[in-house]
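In the block that follows, a single chain appears as structure tokens, in the form predicted on its own.
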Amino acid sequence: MSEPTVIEPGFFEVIGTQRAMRRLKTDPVPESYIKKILWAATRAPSGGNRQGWRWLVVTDPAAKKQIQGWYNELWSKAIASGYGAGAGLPEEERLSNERVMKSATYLAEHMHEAPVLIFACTLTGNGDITAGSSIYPAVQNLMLAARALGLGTALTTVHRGHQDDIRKLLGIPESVETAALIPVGWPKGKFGTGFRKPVQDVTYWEHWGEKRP
């Protein structure tokens, strides 16, 4: 079978090299860049075109430091409970998991140094996975746009253990869910392909469990 004709080759390059960049420089990010990635976020599909997303951009050092403190507390508790231990994984996955955990710990300890934190908020969650599902395609749009501009991002939800405190700190109504926290900045490392299982290993055809090469 021949390969499909690619009309926008740069698109697949962006997707193929976009990955979580948790080590970020402190250098400021121009507001025009933030507005551009938020524009991309709002191009995502939205159920019923309700567009129930809201984006809260945080750059205030004191607020970022408080958020980092809560985040690091939650991350430390998760690690202490055994989260992400990676026991029993195949070697390649174990090594990948080890790298992820190290970078995630770095983020927890240095999140306040990221020049920008963006909260992806939803007005239509209410605990219903389908009602609130539109926010995550929008987050992915934002992250892909950031990659296209050379900015690093990471998607995390660890903060939700302190969501009520964050609501009070930032004036977020109780009816609004903070679906994700995305640090944004210029990456210290390089973009590249991350560890992913082959498509044929995670895809079934016609019936569950039936694979094709």
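Numbers for residues come from their place in the sequence shown, where the first is 1. Note that the structure is predicted; figures quoted are calculated from it, not measured.
FYI, the form predicted in complex with a further copy of the same chain isn't displayed, but the following is about it.
Shown here without its partner, the chain carries Lys77, Thr105 and Leu181, none of which come within 4.5 Å of a further copy of the same chain in the predicted bound form through any heavy atom. By the criterion of a heavy atom within 4.5 Å, His162 is excluded from the residues contacting a further copy of the same chain in the predicted bound form. Contact check for Arg54: a heavy atom falls within 4.5 Å of a further copy of the same chain in the predicted bound form. a further copy of the same chain is not shown here, but in the predicted bound form it comes within 4.5 Å of a heavy atom of Arg43. Among heavy atoms of Gly16, some come within 4.5 Å of a further copy of the same chain in the predicted bound form. Of all the residues from 149-176, those having a non-hydrogen atom no more than 4.5 Å from a further copy of the same chain in the predicted bound form are Leu149, Leu155, Thr157, Arg160, Leu169, Leu170, Gly171, Ile172, Pro173, Val176.
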